[in-house]
Ligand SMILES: Cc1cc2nc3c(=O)[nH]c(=O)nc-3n(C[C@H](O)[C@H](O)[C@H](O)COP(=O)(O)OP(=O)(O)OC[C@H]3O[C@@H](n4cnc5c(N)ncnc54)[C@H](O)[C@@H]3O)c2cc1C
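Take a look at this single chain in structure tokens; it is the form predicted on its own.
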Amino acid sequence: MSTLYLFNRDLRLKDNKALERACEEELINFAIAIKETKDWGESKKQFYFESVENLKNNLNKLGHELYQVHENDFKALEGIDRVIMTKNYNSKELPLLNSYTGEVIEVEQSTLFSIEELPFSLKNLPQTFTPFRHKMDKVKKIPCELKSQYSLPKRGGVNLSLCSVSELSEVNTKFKGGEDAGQARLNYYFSKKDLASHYFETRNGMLDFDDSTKFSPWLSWGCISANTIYHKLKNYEKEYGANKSSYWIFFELLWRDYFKFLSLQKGDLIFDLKGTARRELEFHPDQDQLFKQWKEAKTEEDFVNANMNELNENGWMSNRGRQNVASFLAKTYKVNWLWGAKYFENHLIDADLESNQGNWGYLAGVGVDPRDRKFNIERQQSIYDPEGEYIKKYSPKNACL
């Protein structure tokens, strides 16, 4: 029997439960489902292929090759009897599996809490985040043991192409892709006493790299796991003490879990224009032109333009910026929110499909808790960029110097 371990959004060798399951096989090969990147921003491509290259090199050190299949190649898995992989939480993640007739073993590990740990069934998942959070706060979560080394089975025979990373460039980005870089960021962040202990106060900062954890790019691609973050967080709290800020890092992981579980419950409704709330929206008759202005950072709002420039240049935007530009597109410009979600998906290096769809639907008023959340951009700017330093950096031509 030919068995293939298929990497997708678990680009790591440490703390990988699916890889641990693969080690039970007598013979195995490793392949990655390469993403379709033609519409991606350059920074996102760079981070992704750096992560693939790092995975490949780490596997090579253990005596294994990394093969590749394209996520849209429906014939790629012909001749493979069994695929072992990390569980997906949406129907669009790996198209090549739609026609695969062999055995698929999915191992749940992308969320902090497993489905079995939920104090309710998926069917009874709360329809807004706050009651979900309150229920989960009562669940005593013990970090799983971190496994940094696995004894990999011998290689089997396989008719696949070796992974060749040819799209690396010299794009100047804020982030370095890969498991090694992700582990380095984790170790750095939790080694500094004042970072996690002040996270709640600094998390909306827009200029300092350490204002927020910046774990999300590596977490999104599975270069680090939610369990590893939680493990490091609890060790930090043992050493330095717990407070509201350290709890809020856990809170962010809960939001991520919630959107993944919501995706399992709602299915393709998270990709539907009416959202999970099934709400009709009205759009501006010139929404095509308005969308073009938004993505090219040519709106009438300097704060929006600065955030879009940062996204287009670096593949990154702060959480505060994301909320503002999403609200502006969906509520002020009245443009199809799915267009904005797709643009984020193609350009954010940390775009997590379930969280991205969930947050856009939330801000467009068709997701969980579908209240009207139209941001006052001028007020937001006065709070989060009062001196205009962010605008001066990312939208200097428009800034009132």
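The structure displayed is predicted, hence computed values, not measured ones. The first residue of the sequence shown is number 1, and the count goes up from there.
Same protein, other form: the form predicted in complex with the named molecule, not shown, and the subject of what follows.
- Here the chain stands alone, but in the predicted complex its contact with the named molecule, taken as any heavy atom within 4.5 Å, falls in 249-257 among 93-101, 265-273, 152-160, 249-257.
- Residue-level contacts in the predicted complex: of 326, 223, 76, 308, one residue has a heavy atom within 4.5 Å of the named molecule, and it is 326.
- Site annotation in the predicted complex: the residue of 52, 348, 31, 366 reaching within 4.5 Å of the named molecule with a heavy atom is 348.
- In the predicted complex, residue 48 stays away from the named molecule, with no heavy atom inside 4.5 Å.
- Within 4.5 Å of some heavy atom of the named molecule in the predicted complex lies at least one heavy atom of residue 352.
- Remark: residue 298 does not count among the residues lining the named molecule in the predicted complex, judged by a heavy atom distance of 4.5 Å or less.
- In the predicted complex, at least one heavy atom of residue 214 sits within 4.5 Å of a heavy atom of the named molecule.
- By the 4.5 Å heavy atom rule, the three marked residues 303, 384 and 395 all fail to count as contacting the named molecule in the predicted complex.
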